[in-house]
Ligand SMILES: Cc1cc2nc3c(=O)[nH]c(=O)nc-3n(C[C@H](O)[C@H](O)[C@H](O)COP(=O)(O)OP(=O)(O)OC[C@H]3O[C@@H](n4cnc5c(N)ncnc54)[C@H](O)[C@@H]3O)c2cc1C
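In the block that follows, a single chain appears as structure tokens, in the form predicted on its own.
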């Protein structure tokens, strides 16, 4: 076997790491490349849906994720005026998944768990401070050009998985368009040790709070509550994370005496985009490099991990001569329609529900949601969709 007989993976986030571990455990040599000096401590994604937990179980890491997170068997849709509109009990999925609950665990904990395993494996090379700058390929190999501390370096392999984020250098280098939209508002994510559960009756660890003028989201992670809030017209990223704005916004969520202590603040733009193709020859896009969406519903990271395992399974078949190259075309055929028709539409609909301004429309939606949550069959149907199980089943039926 030559040094080129390996899979290159650009980006050591949850998607790249999951693909690397799946492939390496099945005997395929992997080089995992990360531009940062260490694993990024990205705090955006923290929700692991039931089928994703099933996949992490297959990778052998789910127990460690659960140990470092919070098991959430229920989540809520609330209204600032009405309180709890619907409480969704994931136990109704007990016959559909081995993990009928969500787990709240910051995504960087998963990458640390996986990289610790990868670094013990003889068929894995993990390179930090190696930034991909371009890609070339021929009928047999693909070459990733990278800037390293030692200077330019060319890494060669049989395939390349681009898990290098929304601004993917690899996607751009391949001339793959990334159509979609960017929301006009910025979003603020901040965290605090404040016990919001003492001030909101029966507050679940995950709660979406609807309001036509001021919606927000509560997400519990170990030791902290995270809040997600939209900006107002005219606010910039700098002004949104300022002490004055953060304190004013959190006081609006829950008025208290004095100031809130916060542990991190991030302002970011939110997009809905899907790449025009997930494959260009020996190059494959996965995760944010392939699709990005608003975070309402926690589908971005989960969808990316679903990409990683879908693609990796096919690569193993082709690598081992159990399938021909056209098997890899099924990755695009299965995963891209899910991003367009399911994830994008669901997350846009989630946002629209939270900020609905028409009182009659709000009432109808709330009544429908409350009735669905109270009916075991309707609740299961809804949770199969919101937990992404329906999407995975649909993808299996494609191609």
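Positions refer to the first chain, counted from 1. Quick caveat, the model's predicted, so the values are computed rather than measured.
FYI, the form predicted in complex with this ligand isn't displayed, but the following is about it.
Of the candidate stretches 314-322, 178-186, 158-166, 67-75, only 158-166 has residues with heavy atoms within 4.5 Å of this ligand in the model of the complex.
A heavy atom within 4.5 Å of this ligand in the model of the complex is found for one listed residue only; from 254, 203, 86, 228, this is 228. The listed set 209, 274, 130, 283 contains one residue whose heavy atoms approach this ligand in the model of the complex to within 4.5 Å, identified as 130. Of the heavy atoms in residue 12, some are within 4.5 Å of this ligand in the model of the complex. Proximity of residue 268 to this ligand in the model of the complex falls within the 4.5 Å heavy atom cutoff. Proximity of residue 53 to this ligand in the model of the complex falls outside the 4.5 Å heavy atom cutoff. By the criterion of a heavy atom within 4.5 Å, residue 330 is excluded from the residues contacting this ligand in the model of the complex.
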